[in-house]
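One chain is shown next in structure tokens, namely the form predicted on its own.
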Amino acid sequence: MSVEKLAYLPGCPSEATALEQHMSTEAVFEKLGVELVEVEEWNCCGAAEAEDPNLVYALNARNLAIAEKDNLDIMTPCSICYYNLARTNNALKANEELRAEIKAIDPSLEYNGTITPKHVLDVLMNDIGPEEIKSKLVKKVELKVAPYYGCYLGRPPETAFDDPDDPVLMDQLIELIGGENVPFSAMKTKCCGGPLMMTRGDLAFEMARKILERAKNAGADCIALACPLCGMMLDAKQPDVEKALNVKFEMPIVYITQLLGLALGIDSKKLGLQKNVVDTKKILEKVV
């Protein structure tokens, strides 16, 4: 294992719609022996895309700078936070003029580009590694799983830590903990519709339907994901999708950290499985 301590950016959904992702991330990393130091007074990554792009860069530069003071790489469970942190990091390193513009927004901001933004899935599989994880597993999660990456982890390719078109790290982790990946490659990087929810809910529901339908038809017991926006769209909004489109899925949606936590022997309540909208009891029955 090459990582012992990380700066941790929970992200805005961690306190509301994705509390279970935050809970399971903290529980899993504690079990794996990695200390997470929450970024002091962290701020939103600017996912709403402020009218001034430089403001988004400034918001992320601030979080990066705080982590850099402690000389710690910064990790987040939120794929949108990761996207914004990573693209900001790349832009600031490459563009001296941009650095000056960001400095003008916040004169106190000092970021020298000495740390690396990381997503939870990247740290688990590329830094901690399968062998270290395997040595700590105490149970098998004997589920048929549809691994869903969403559209942010591989876009743009410059920030991707996996194959942008055909990512495999979540698939590998699912197999490592005893699960079976169902045929789902056609949908694993498609957008869930979340970004359209406030403006074109009809399109968002249809996009979510396609993902849920493909997983159900493939025989999945659940969909595993790593993005809180996808979690909101596929889990919290699933009853609304069913009602609006007159369909029935009853498909449990779980964060990959929740599944890994079960395999590590962590209590389901500590992983927040009681907070998922679609009932997860059938999942717990297949943990042996």
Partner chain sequence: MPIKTWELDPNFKNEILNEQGGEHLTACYQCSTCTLGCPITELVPSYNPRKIIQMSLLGMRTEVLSNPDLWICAICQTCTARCPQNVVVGDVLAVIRRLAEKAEEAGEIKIESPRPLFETAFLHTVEKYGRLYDIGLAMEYYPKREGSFVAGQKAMMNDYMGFGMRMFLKGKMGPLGGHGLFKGLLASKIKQRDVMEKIFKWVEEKEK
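Values in this document were obtained by computation on a predicted structure and should not be read as measured data. Residue numbers count along the first chain shown, from 1.
Although it is not shown, the form predicted in complex with the partner chain is what the next lines describe.
Visitor: Heavy atoms within 4.5 Å of the partner chain in the predicted bound form: which stretch among 259-267, 244-252, 217-225, 34-42?
Guide: After filtering at 4.5 Å, what remains is 34-42.
Visitor: Hey, in the predicted bound form, does Ile74 get a heavy atom within 4.5 angstroms of the partner chain?
Guide: Outside the cut-off, so no.
Visitor: Is Met198 close to the partner chain in the predicted bound form, meaning a heavy atom pair under 4.5 Å apart or at it?
Guide: Yes, contact at 4.5 Å.
Visitor: Is Pro183 close enough to the partner chain in the predicted bound form to count, meaning some heavy atom within 4.5 Å?
Guide: So Pro183 does not count as contacting the partner chain.
Visitor: Does the partner chain get within 4.5 angstroms of any non-hydrogen atom of Leu203 in the predicted bound form?
Guide: Looking in the predicted bound form, residue contacts with the partner chain include Leu203, since a heavy atom lies within 4.5 Å.
Visitor: Looking in the predicted bound form, is the partner chain within 4.5 Å of a heavy atom from each of Ala27, Thr88 and Glu213?
Guide: Verified in the predicted bound form; spot residues all out of contact, no.
Visitor: What is the one choice in Leu176, Cys191, Leu121, Ile115 with a heavy atom within 4.5 Å of the partner chain in the predicted bound form?
Guide: The residue from Leu176, Cys191, Leu121, Ile115 that makes the contact is Cys191.
Visitor: Which residue among Glu142, Glu132, Asp127, Asp106 has a heavy atom within 4.5 angstroms of the partner chain in the predicted bound form?
Guide: By the 4.5 Å criterion, the partner-contacting residue is Asp106.
Visitor: Could you pull out the residues of 225-246 that have any heavy atom within 4.5 Å of the partner chain in the predicted bound form?
Guide: If the 4.5 Å heavy-atom criterion is applied to the partner chain in the predicted bound form, 225-246 yields Met232, Ala236, Lys237, Pro239, Asp240.
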